[in-house]
Every structure is written in structure tokens, then in C-alpha cells.
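Only one chain comes next, encoded as C-alpha cells, the form predicted on its own.
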Amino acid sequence: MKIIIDTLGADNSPHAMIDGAILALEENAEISVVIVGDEEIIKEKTAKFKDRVEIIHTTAAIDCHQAPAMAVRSGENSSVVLGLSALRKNEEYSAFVSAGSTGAVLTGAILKVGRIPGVLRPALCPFLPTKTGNQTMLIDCGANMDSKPENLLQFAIMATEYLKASGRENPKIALLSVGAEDEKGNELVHEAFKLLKQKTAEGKINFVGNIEARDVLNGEIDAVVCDGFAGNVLLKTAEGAMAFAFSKIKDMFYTNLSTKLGWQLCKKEVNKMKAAIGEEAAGGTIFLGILKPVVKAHGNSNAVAFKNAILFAAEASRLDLKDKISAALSAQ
């Protein structure tokens, strides 16, 4: 299994990306990597794994300030375009991972790799930690700011196929709204609700109704469907709330000598919890609906977070989603 690694365009490029690739190689003996970036730096850092490392040399990157479509079309030598083009052309390459510009990675994935037959719009799908320990997929969290009801229906179908391939039987799909009652929501939610109910009646998905944002992390559903604008607001709010909570916990433990002593007793478990739900643990997010797995890591990923994104991409490539999603969409 060969995973293509984009080492440019991120906050901590290229070293965190290369170090993450090394950590992935150490942890999983079944994978090898194709690293896109400065050949001199890559060779020096990966000499120990030279038999499991291929290099595509470039020093050209697309940054987040460039218009994605124009940058992809004009940046044939950029790391994103070179990596995604190689993914499409070479059957040996299984997946692509980047911490670079989200817009460039999405645009490049559509233009250079292509969509799964039947997919109208790919979706960005992070997994969120929950109270029960089971992760909940959020689909979409920013790839499509303006969605139509049929897009949300496809998101539900794609999420169902991904989760079933991952071992979840009859996954529960909910629709993000301002209330759990059937009649709540805006026009998009109302129309999507009807489509999702219909497909549930036909046995195509397991739609369990609307869900409020505050209940998404309870662990009672397997996926929450929404447009990219609402999903991105939900994701960023959850990230901010968690950062705020940990900050207040830290402040509380440093109030006086007694609480500082308490911190010494508790810090191992607190840090363990923070690691389990933080950005490092999540690693990467898949663009669901692309012919081969394209995974977006956080822009400020460190080596551990990027390593987890690579391992996530390797796991996603084993699911053989292309045929499953295409068949499910053609049957709708």
C-alpha cells in the first residue's frame, strides 16, 4: 500500500509532514510512502526507510491565500497537483494526504482524481469524539457552503456506505437542525428531511430524524448530515468549546497550592483525555466521493497528527468505497 504525502503548503511544512511519514512507516510495516516535496530534505530525513520511500521532487506549493481553482489549473508543478495527478494515474498509489490549502486539495481532487460515478458533490467528513467513545461522522463540514436537498441525501447515502464498510451495522443517520421535532428547520432541512424519510422507507438508509447541535456528541448516532456552512460552524464551535474547557480546567488547577497538588494527581488522566479528543487524535478528514481516498490533515498538524492522518488514509483505502458508493447511488 503506497500513500502519497504532500509535505508543502502547511504551517509546519515540510519537516512535520516528513517526520509524520517516518512515524507512520515505523508504526505500520504494511505501508510505503510517496513523498512530494524537496528531494534533498526528504532523502536526508528518510535514509533509514529508503526502500519504502519514493520521492516526487518539487519546491512549489499552493498556499491558502491563492484562489483554489486558478492555483490548481496554473500550478502543474505544485505539490498538491503533482501528488493528486500521480494518485489518479498510478494504480499502485492508494491514497493522498495533505495539510495544505483545503480549497486547493478539494479542487485538485475533483479535477485531477475525479468523483465516484453518481456523486454530485464530494463532502468533507471529520469524525467527532462522543461521550460513549464511538465517533460520529459529520458530513459536510465545509466542502459545500450552499447545498441542495439532493446533496444532503447523497451525503447520507455515502456516510452509510462508509460506516457499513467500517463495520457499523445499519448506521444511524441524523439531520442537523434547530430542533429534534420533524417540522423544525429551514427550507433546506425540510426538503432534505422528506428525501431522507423516503429512502428510509425504501430500506436504503437508517434515518432517525433531526438532531440539535448540542446532542451530536452524545454518541447516539453514527453520522450527522448538514450543509457545509452549518457543519463548519458546528465543528469550529466544538473545537473552540473544548479548547476553552481545557483552558479553564488548567486555570482551576493553578489557583492555589492545594489545587496544584491536585493537578499532580490528575494531570495524567486529563492529558490522556485531551489527547483522545484533540486534533492529533483525529489526524485527517476524508473528502468522501472522490475515486480514491483524499485526506485533509489540519493545517497546523504536528508530526503525530500527520502520522495519524496517514494511517487513517491507509485504513480508508482498504474499505474499497468507490464501488460501494457508486452502487448505492445508482440504486437510489
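Residues carry their position along the shown sequence, with the first being 1. Note that the structure is predicted; figures quoted are calculated from it, not measured. What we label the rigid core is the largest C-alpha set whose atoms superpose within 1.5 Å from one form to the other.
The same protein also exists as the form predicted in complex with a further copy of the same chain; that form is not shown, yet it is the one meant from here on.
_Asn77, heavy atom within 4.5 angstroms of a further copy of the same chain in the model of the complex_ = Judged by the heavy-atom cut-off of 4.5 Å, Asn77 is well away from a further copy of the same chain in the model of the complex.
_Even though the partner isn't displayed, in the model of the complex is Arg168 close enough to a further copy of the same chain, meaning a heavy atom within 4.5 Å?_
Looking in the model of the complex, residue contacts with a further copy of the same chain do not include Arg168, since no heavy atom lies within 4.5 Å.
*asked:* Can you tell me whether Met273 touches a further copy of the same chain? I mean in the model of the complex, with a 4.5 angstroms heavy atom cut-off.
replied: Looking in the model of the complex, residue contacts with a further copy of the same chain include Met273, since a heavy atom lies within 4.5 Å.
*Within a 4.5 Å heavy atom cut-off, is Ala201 in contact with a further copy of the same chain in the model of the complex?*
No, no contact at 4.5 Å.
_Answer range among 250-258, 192-200, 89-97, 155-163 for contact with a further copy of the same chain, defined in the model of the complex as heavy atoms within 4.5 Å_ = Partner-contacting stretch among the options: 250-258.
*Ile116, Leu111, Val208, Ala213: which sits within 4.5 Å of a further copy of the same chain in the model of the complex by any heavy atom?*
Among Ile116, Leu111, Val208, Ala213, a heavy atom within 4.5 Å of a further copy of the same chain in the model of the complex occurs only for Ala213.
*At a 4.5 angstroms cut-off on non-hydrogen atoms, which residues of 136-174 are near a further copy of the same chain in the model of the complex? List them in order.*
Contacts from 136-174: Met145, Asp146.
*C-alpha of Lys236 off by 2 Å or more between the shown form and the other one on rigid core*: Superposed on the core, Lys236 moves its C-alpha less than 2 Å between the shown form and the other one.
*asked:* Does Ala60 shift between the shown form and the other one by 2 angstroms or more at the C-alpha, the core having been superposed?
replied: For Ala60, whose C-alpha is compared between the shown form and the other one after core superposition, the shift is less than 2 Å.
_After core superposition, I'd like to know whether Ala69 moves between the shown form and the other one (criterion: C-alpha shift of 2 angstroms or more)._
No, the C-alpha moves less than 2 Å.
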